[in-house]
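This document opens with one chain alone, in structure tokens, the form predicted alone.
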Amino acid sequence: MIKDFAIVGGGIGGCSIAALLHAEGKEVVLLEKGSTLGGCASTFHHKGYAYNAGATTLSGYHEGGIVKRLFDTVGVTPQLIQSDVAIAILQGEKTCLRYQNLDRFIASLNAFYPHPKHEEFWRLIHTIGERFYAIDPTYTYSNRSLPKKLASLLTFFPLIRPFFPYLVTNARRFIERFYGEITAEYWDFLDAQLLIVAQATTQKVNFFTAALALGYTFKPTHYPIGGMGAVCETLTSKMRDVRTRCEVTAIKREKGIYHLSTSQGIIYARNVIMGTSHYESAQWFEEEAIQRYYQRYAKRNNHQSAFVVYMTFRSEGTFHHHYQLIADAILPLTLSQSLFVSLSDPSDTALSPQGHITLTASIHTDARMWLGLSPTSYHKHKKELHHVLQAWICATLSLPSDAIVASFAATPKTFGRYLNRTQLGGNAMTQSNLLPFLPANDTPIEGLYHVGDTAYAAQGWPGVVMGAFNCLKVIHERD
């Protein structure tokens, strides 16, 4: 049987577009190399304990939010707990809580980083976010051809017009003019939060991007019961053909039909949607036109990745779902001085046993720092950074070392082995990565599409889901 669509990769993007197409009655097969869905947002088991692989924050699931729109369209409901505090930010002796409520957050901020301009600045951040999310998302981004691309960019005019001054202004310069003098510590506070969403700092993004990234916590954020992978499982639960442990080894096109060679046999499809990184997708194709397409975007690969520590520890204590630890300087073998830490909810026994907490902690690194090492140097540096980060986490969260029952780490090389990608987090939302220069969800190749964090629109659940809806639009336009 020839499928209408074969989706390669069961990450957030692949699961989203697969579920949307299935809801429309298309014959869809979703192919995932791993034993569970989710990709970088999967939940896996290691020596008897469960862990979130990487992505741990779910935002956009609220009335009017694009993630809730996705689940409503598909007709399923994820099991979520709303987080009162989106992130607890720990910097030295300071603990600033990112409450959803603007006034509570400003009060927390002023307690540790006092400044007379805080209220005006963060109310501006809040207003920009409210205005942006109130705009009806009728815009479409296409890269099928130059005329189609230009026509699609015109659809963004209603979005660009109200925010144009912020789009053409560097975030660092805007904040400097707005505040006047601020401390280096507060700059680190802002940049650390920008890295979570935009994958870049104030020096490299425009102020509009910075405002949306800094303001995402003013919308509800949620903790997924059973781990982030459970959300992807729920999203695709109505689908008839979801194949895990199905590794795609090669894809070729003959007479308008794609032939996908997999570990479970050959699959035929009229269309292929890659839920993989643009920078590592060429490996599945031999066709020159497709190779040239991927080469076009190779220079966008910043090789940014993650070093991740996974832990399980015994505790009856109370923790927030998410923490950001900020150091005084960039740590060796990383690109950052901030560590993002996520902990399981004590009530979530599907993720961790009663009386235990599981933890995923990630820090930015450059994949090239790890891929070129000799085996001896690789294991030495991995062990050293694992030890440093674990000690930092334990000291900051007051965890006794004898409470730890499991602890291990992953490098970009680990993610390459299990997920077929070493670049993590997608395209940094810098001023050099403006929309016209980024990949769309369609391509000039007939029947070849893309979703995920290296295609339109951005990172995280809202950005990737926005890309899935955009992919659906461009598919409809091509039909």
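Since we're looking at a predicted model, the values are computed, not measured. Throughout, we count residues from 1 along the sequence that is shown.
One more form of this protein, predicted together with a small molecule, exists but is not displayed; see below.
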Which pick from Gln193, Ser362, Ser142, Thr209 sits with a heavy atom within 4.5 Å of the small molecule in the model of the complex? Ser362
Name the residue from Met429, Leu424, Val28, Leu70 that puts a heavy atom within 4.5 Å of the small molecule in the model of the complex. Leu424
Among 164-172, 240-248, 121-129, 311-319, which stretch has residues whose heavy atoms lie within 4.5 Å of the small molecule in the model of the complex? 240-248
Please tell me whether the candidate spot formed by Gly38, Gly54 and Trp284 is one where all three residues come within 4.5 Å of the small molecule in the model of the complex (heavy atoms). yes
Partner contact for Trp461 in the model of the complex: the small molecule, 4.5 angstroms, heavy atom: yes
In the model of the complex, Ile17 touching the small molecule (heavy atom, 4.5 Å): no
With the cut-off set at 4.5 Å between non-hydrogen atoms, does Thr276 touch the small molecule in the model of the complex? yes
Contact test in the model of the complex: Ala410 vs the small molecule, heavy atoms, 4.5 Å: no
